[in-house]
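This document opens with one chain alone, in structure tokens, the form predicted on its own.
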């Protein structure tokens, strides 16, 4: 037994003396550096026969990414927060960089996809930079239109959902209307909206609001009507009135359902925004995609799609932050 104990002590000492293995953050850093370097080398080899004006911005972009990664790497030696953040983002950034490399090999290198429908990443970046003013203006108009339509739909959905979920009389008449009108896609109302609306912008805003209204109403009414009876009974016993029961008991209990409706409505609003802008609005990202497609400028089409992805993802992330802040009292319970 004594020999066994001594062996365990010697093993523990040897582990302490032995040099530690390469840390995970260093591995992720080297993986990212390698991915960017491979992508840059492949780009330089493939783009020799391409016009320099088309590939210049992409070369500068890759070199800049590599330089930023190299010069900011020492920061993680002094900050644990930076080290954790970079360890988390480096693998996905490396994967995205390798996807860019594969994209360029398929389009510019092997010519497996027909041109001009599938441009190279260098062509997309050139279109993104050369047309940045119009893209910024289109993004701004889309943001304003989406914000107005979404806010209008949320307000209408919260009001109707609260009424349907709380009142049996309103539920009796409101649920049939909700079940008949709600499932119809908002984009199906475009022909009627173009006839009845005084302007394309107003009709697009109304269609976005309609797309948001149905999921918000449905989930809000479900959350309000499914409030635990024990919560309401305790509040009534303590002398709470109807307003207190609604806004201080039922609505907080229904917040998880309400946020699910907000997320569903936000996804529906993105689809409706793009479709409505491509038909009846003379500005916005949806209009820009249709305009670029009409001129066979598919590099600009892909540039607009990238802007859409970043734009919609940022709004969705912001809504997640709001949900986490509002529902902080349910931290650890909500998994979505």
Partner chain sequence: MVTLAQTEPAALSLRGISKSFAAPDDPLTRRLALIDISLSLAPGELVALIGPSGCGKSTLLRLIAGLDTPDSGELTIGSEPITAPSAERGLVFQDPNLFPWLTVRRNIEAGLVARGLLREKRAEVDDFMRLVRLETFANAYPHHLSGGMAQRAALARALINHPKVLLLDEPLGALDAFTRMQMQDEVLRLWQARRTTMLLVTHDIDEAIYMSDRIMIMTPTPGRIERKIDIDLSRPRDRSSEAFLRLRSNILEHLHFAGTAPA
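Positions refer to the first chain, counted from 1. Remember, it's a predicted structure, so these values are computed and weren't measured experimentally.
Not on display, but discussed next: the form predicted together with the partner chain.
- In summary, among the residues 115, 264, 75, 240, the only one with a non-hydrogen atom within 4.5 Å of the partner chain in the model of the complex is 240.
- Only one of 230, 199, 80, 169 comes within 4.5 Å of the partner chain in the model of the complex through a heavy atom, and that residue is 230.
- For the chain shown alone, residue 91 is not a contact residue for the partner chain in the model of the complex, no non-hydrogen atom being within 4.5 angstroms.
- Contact annotation: residue 318 falls outside 4.5 Å of the partner chain in the model of the complex, judged by heavy atom distances.
- At a distance threshold of 4.5 angstroms between non-hydrogen atoms, residue 140 is out of contact with the partner chain in the model of the complex.
- Within 4.5 Å of some heavy atom of the partner chain in the model of the complex lies at least one heavy atom of residue 249.
- Look at 240 to 248, 211 to 219, 187 to 195, 169 to 177: in the model of the complex, residues with non-hydrogen atoms within 4.5 angstroms of the partner chain sit in 240 to 248.
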